[in-house]
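This document starts with one chain, in the form predicted on its own, laid out as structure tokens.
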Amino acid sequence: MTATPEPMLQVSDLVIEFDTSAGRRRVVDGVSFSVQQGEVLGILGESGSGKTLSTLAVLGLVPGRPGVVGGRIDLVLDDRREALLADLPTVVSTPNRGPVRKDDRRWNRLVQRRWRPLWGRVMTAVFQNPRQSLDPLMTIGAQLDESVRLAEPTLGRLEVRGRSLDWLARVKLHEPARVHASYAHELSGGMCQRAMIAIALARQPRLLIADEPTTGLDTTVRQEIVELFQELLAAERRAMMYISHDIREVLFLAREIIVMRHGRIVEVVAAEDLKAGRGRRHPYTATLLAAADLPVGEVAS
């Protein structure tokens, strides 16, 4: 009997809280999930469900002050395990009065020490607005060349440019040389997103996080981007977390899906079971399926 491989990413009992004028608010409440190498985990939920904050925690990018993060985030890299939140007690402070707060300076030092070496090489992200991620003062080629150079530092200048042009062709951008020389404002939204995908994958990460990557794109371009992800991931054997409120996109890409609402996971289900209408569905999942005109199956009371 073949042993199940250990997940490359394991998130356990993740909690994220923020202090507001109305008191402390828990926005992610005990979330647990895992991602296997070479597989796609879909994260589905409406705006405000906690899906984006959960993935920002994996990247070490939880925003806001003070912000509190708890739980475990473990990465398995070759023969070692990285417990990314192991030093949490050293980056929080307990004032004489009031709640425990994250110490921003210590937190930032932890992020620089623990997460920064992982960015790009181990994990990277594609967000919903590529123009906010792309540097407006650098050409697409300069940004892509940098990713290629970081992944393969022994390459010469002409080899780096050649790899960059290959990546632009792989993400199905016509006239790669023209795109290479262009700035983000000279390209359409769909072209910018393809360029952002090329920049992310050129670093050869083990884990790609795509957070609402088709938001703001027209229907045809959205479909093309989702199909592009499927094609590239099949070829590269990367692990991926695909976050969306669009159930059809998630069903197209993912093997397993977690459904989030109000900061909690309300259902974990195989994509094939959702497509076939098998099993009992949480009422919120059933609502999402019905809205997309997909078979709902039995709804739990």
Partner chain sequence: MNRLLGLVLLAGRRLAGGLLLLVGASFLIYFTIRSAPGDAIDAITPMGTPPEVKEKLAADFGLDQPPLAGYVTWLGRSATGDFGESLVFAPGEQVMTIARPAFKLTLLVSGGALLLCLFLATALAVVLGEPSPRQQLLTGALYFVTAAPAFVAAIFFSQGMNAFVRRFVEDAGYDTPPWYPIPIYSESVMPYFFAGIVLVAGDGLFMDMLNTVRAEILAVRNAQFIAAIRAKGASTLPHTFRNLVVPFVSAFAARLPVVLGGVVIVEYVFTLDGAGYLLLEASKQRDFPVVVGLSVLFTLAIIVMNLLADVVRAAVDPREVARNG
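Residue numbers count along the first chain shown, from 1. The term rigid core refers to the most C-alpha atoms you can superpose between the two forms while keeping them within 1.5 Å. Quick caveat: nothing in here was measured; it's all calculated off a predicted structure.
Omitted from view is the form predicted together with its partner chain, to which the following refers.
Put simply, residue 136 is close to its partner chain in the predicted complex: some heavy atom of it is within 4.5 Å. Taking the partner from the other structure, its partner chain in the predicted complex has a heavy atom within 4.5 Å of a heavy atom of residue 123. At least one heavy atom of residue 150 is located within 4.5 Å of its partner chain in the predicted complex.
Shown alone here, residue 179 lies farther than 4.5 Å from its partner chain in the predicted complex, counting heavy atoms only. For the options 185, 80, 157, 174, the one in contact with its partner chain in the predicted complex, meaning a heavy atom within 4.5 Å, is 185. The partner is absent here, but in the predicted complex a heavy atom of 61, alone among 61, 27, 266, 270, sits within 4.5 Å of its partner chain. For its partner chain in the predicted complex, the listed stretch (157-165, 69-77, 194-202, 216-224) containing residues with heavy atoms inside 4.5 Å is 194-202. Once the cores line up, the CA of residue 24 ends up 2 angstroms or more apart between this form and the one not shown.
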